[in-house]
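Just one chain follows, in the form predicted alone, and it is written as structure tokens.
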């Protein structure tokens, strides 16, 4: 019985082991004589070996870690700033108009809100990516306003109390999703952008 190799599995190999052509060639060549379980075991083992080698090299040369650690730290700081800006905006809105301020106060809606904020953030990120070259000031204002608005809505979803940070961990997680969407949106380019 001849085994069929799915295009997804074959196409996945160069992305996983792009610079290791002998490994990819050996896996593709040996796979028809072996089971699918063997193939996936080999892929997982090769990925673990590659991750171990990369980690070992990073420990020998710590300067390799600075870029990744710096990017992670900036991401966490930006996410927490979304929480702070949202809480400040929410507090300002409550001070301005206490009598007519309505709270959403449905913590169970947080997951829906977070999932909705990801495509919104991607769209805003795309717009920011295009606007960035024309006006950096407008880019900063739009990014900050959108982040503060998302943070304020997150506070409104989570809290009916008057506490300033009703759930900092949940707010930060929601902020991380929004910031990630902004980053993905601003870094992705459409075919029209590539032609320009």
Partner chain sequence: MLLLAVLRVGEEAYGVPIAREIEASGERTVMLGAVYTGLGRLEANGLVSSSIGSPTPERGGRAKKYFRVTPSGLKAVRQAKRAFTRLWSGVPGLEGGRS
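What you see is a predicted model, and the numbers here were worked out from it, not measured in a lab. Positions refer to the first chain, counted from 1.
The next section is about a form of this same protein that is not shown, the form predicted in complex with the partner chain.
Trainee: Give a yes or no for residue 42: in the predicted complex, does one of its heavy atoms lie within 4.5 Å of a heavy atom belonging to the partner chain?
Mentor: Answer yes; at least one heavy atom of residue 42 falls within 4.5 Å of the partner chain in the predicted complex.
Trainee: Find out whether any non-hydrogen atom of residue 27 is located within 4.5 angstroms of the partner chain in the predicted complex, and reply yes or no.
Mentor: The answer is yes: residue 27 has a heavy atom within 4.5 Å of the partner chain.
Trainee: My question is simply whether residue 49 lines the interface with the partner chain in the predicted complex - judged by any non-hydrogen atom within 4.5 Å.
Mentor: The answer is yes: residue 49 has a heavy atom within 4.5 Å of the partner chain.
Trainee: Residue-level contact is defined here as any heavy atom of the residue lying within 4.5 Å of the partner chain in the predicted complex; does residue 180 satisfy this criterion?
Mentor: Result no; residue 180 lies far from the partner chain in the predicted complex.
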